[in-house]
Every structure is written in structure tokens, then in C-alpha cells.
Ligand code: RIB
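Here's a solo chain for you in C-alpha cells, the form predicted alone.
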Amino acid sequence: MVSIAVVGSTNIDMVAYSDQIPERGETVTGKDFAIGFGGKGANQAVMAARLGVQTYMVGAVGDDVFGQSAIKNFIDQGVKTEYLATVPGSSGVAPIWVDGDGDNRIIVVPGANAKVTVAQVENAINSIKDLKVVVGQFEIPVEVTTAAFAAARKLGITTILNPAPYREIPAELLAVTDWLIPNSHEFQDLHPEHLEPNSDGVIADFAAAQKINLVVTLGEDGVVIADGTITKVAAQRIKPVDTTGAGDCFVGSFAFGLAMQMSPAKAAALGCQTAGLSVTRLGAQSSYPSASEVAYFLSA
């Protein structure tokens, strides 16, 4: 059976909903509060698993109640945890504010995510059978993600980097990355001239200069794929309720598509469908398509 490994973070999301986000020194009254499962890596793994591919979470949780809850959630979601370590200390957490337009602001506190090791991820990549895709982000130490991608590259396994939260990508990591998936803000930060992704030429030139396959997600404007040619994939026109985790939903779906040998355009279209549905609901993983919804998307 085809497998995907997500090397990344596991967090507990603490989400406050308010019509208005407070300014500095200001206190506002919120409308709702929820605690949910998150972390960019965990979100991507859960979405891939819901689509039906064998998915391994490679990372770490703390020896606290949050860590125990996260492990149980992975098992419930069908995500394999053989390579998820439990380490002393707190698990990762993410306080999130969501405003009346559905936009979010997030502070990530790494906790156990900072304790993922090179040896741990190299062992996972070299041990998982039928591994086709390895996914990474920037919520664990960058040298750990680099080691995982380097191990994958030696085995001919496709690597996908979601450069979020934004930081400069080390040359060593970029050299072992097959697909780079930034959103529009991250692309602007990555681009050497800090240009917005407002033309196909800007995106194509950046992909060619970096010798990489590129997928730029543009929210309601869909995605642009640059892999030698330019392909645009439209998004659904909907009013978002909560955009938390939507980008991770797309990445997990795209990784599934590549693992199942879909074309990049078809994999991106699937990602737009799943992410488009997720933003109409509250939360991250809790907003992702159900088994029946996934079956409908895959049959379309």
C-alpha cells in the first residue's frame, strides 16, 4: 500500500472567535472558544489519511495530557504513530484568534516539536515501506526537515515543503525539495525582489531560477502551478467562516494526489475542493471533509 510520511508539528489549538481582534492594550469580548487538534504537520497528515492513503506522522509530543490526547486523535483518524516520539515537557500549543471575516492570527509555541531529532526522522524515512511522498514545514527544527528530505531524495521519494511559518529556506533544504507550496504572503517573502505573485511570469521565473516545482496558493483565486509550464486551478467562490488549517488541508490533499500518481493539476484541484469546504466550517482538522465527502470528491 502506498505511504506518505509527514515530518512536522503536532499542536493543540486554542481558538478564540471574536467579531473584532483587539488592538494593543485593548480588551474585547469574544463570541466563542474551542480547543482542537492542530499543528501544520498533524493537519496535513490527518487530511491525507482521510483521503485513504497510509499516512505516518513523524514528530514529537510532550508527556502531558495534550500529548496523550494528540496520540489518541491520530489513532482515531487513521494516522500511524510508530514514528511519533513522546518526550519530556509540554506538547506544542497554538493560541489562535479568528475575526468576524474568518481571518486568523496564530502564535505557535513549539514545545515538544523542538525536540524532534535527525536520527529519529532518518530512521523513519528509511524504515517506512512503499513510501512515495515526504511532507515538511517550518514548525520543527529546519535541520531535521533537511535530514528527512535528504534521506528521501536518496531513495527517490518525492518531497514537498510548505514553507510556513515563513522563514528563509536554507540552500541545503531547497536542494532536496521537489515541490514548494507557499501561499501568496509566503511567496512574496521568498521572492528575492519581494514581488507579489500577480503574474504568471513572476511565478514561472522564480520556479525556474530555483530549479524547483512550485505551487502558489492564492485563496479564493485558486492556485498557480509552475513545473516547466504554468497551470491555473480555480477555487470555489464561497464566503469563508474560518480559514484556520485550510492551507494544510490543501497540502495534505496535494500530497495524496502525487502519491496516487495524479497529475499536479488534478492533485491541486482536489486540494482546492477539500480546502474550499474546510473554510466554511470552524476549526482546523474538525473542518476537514468527512469520509463520505472525500468519497464524493474522489469520484468526481
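Nothing here was measured: the structure is a model prediction, and the numbers come from that model. All residue numbers refer to positions in the sequence shown, first residue = 1.
Although it is not shown, the form predicted in complex with the ligand is what the next lines describe.
Exercise. Does at least one non-hydrogen atom of Gly39 fall within 4.5 angstroms of the ligand in the model of the complex?
Worked result: Answer yes; at least one heavy atom of Gly39 falls within 4.5 Å of the ligand in the model of the complex.
Exercise. Is the gap between Ser278 and the ligand in the model of the complex 4.5 Å or less for some heavy atom pair?
Worked result: Close contact is absent here: in the model of the complex, Ser278 is far from the ligand, nothing within 4.5 Å, heavy atoms only.
Problem set entry | Any non-hydrogen atom of Ala94 within 4.5 angstroms of the ligand in the model of the complex | Result yes; Ala94 sits at the interface with the ligand in the model of the complex.
Exercise. Given that the partner is absent here, does Leu84 sit within 4.5 Å of the ligand in the model of the complex, heavy atoms only?
Worked result: No - in the model of the complex, heavy atoms of Leu84 and the ligand never come within 4.5 Å of each other.
For this session: Name the residue from Leu173, Val108, Leu190, Ala124 that puts a heavy atom within 4.5 Å of the ligand in the model of the complex.
Result: Selected residue: Val108.
Exercise. For the chain seen here without its partner, which of 51 to 59, 64 to 72, 245 to 253, 268 to 276 has a heavy atom within 4.5 Å of the ligand in the model of the complex?
Worked result: Residues of 245 to 253 come within 4.5 Å of the partner.
For this session: Counting only non-hydrogen atoms and a 4.5 Å cut-off, give the residues of 6 to 26 close to the ligand in the model of the complex.
Result: The stretch 6 to 26, when checked against the ligand in the model of the complex, contributes Asn11, Asp13 at the 4.5 Å heavy-atom cut-off.
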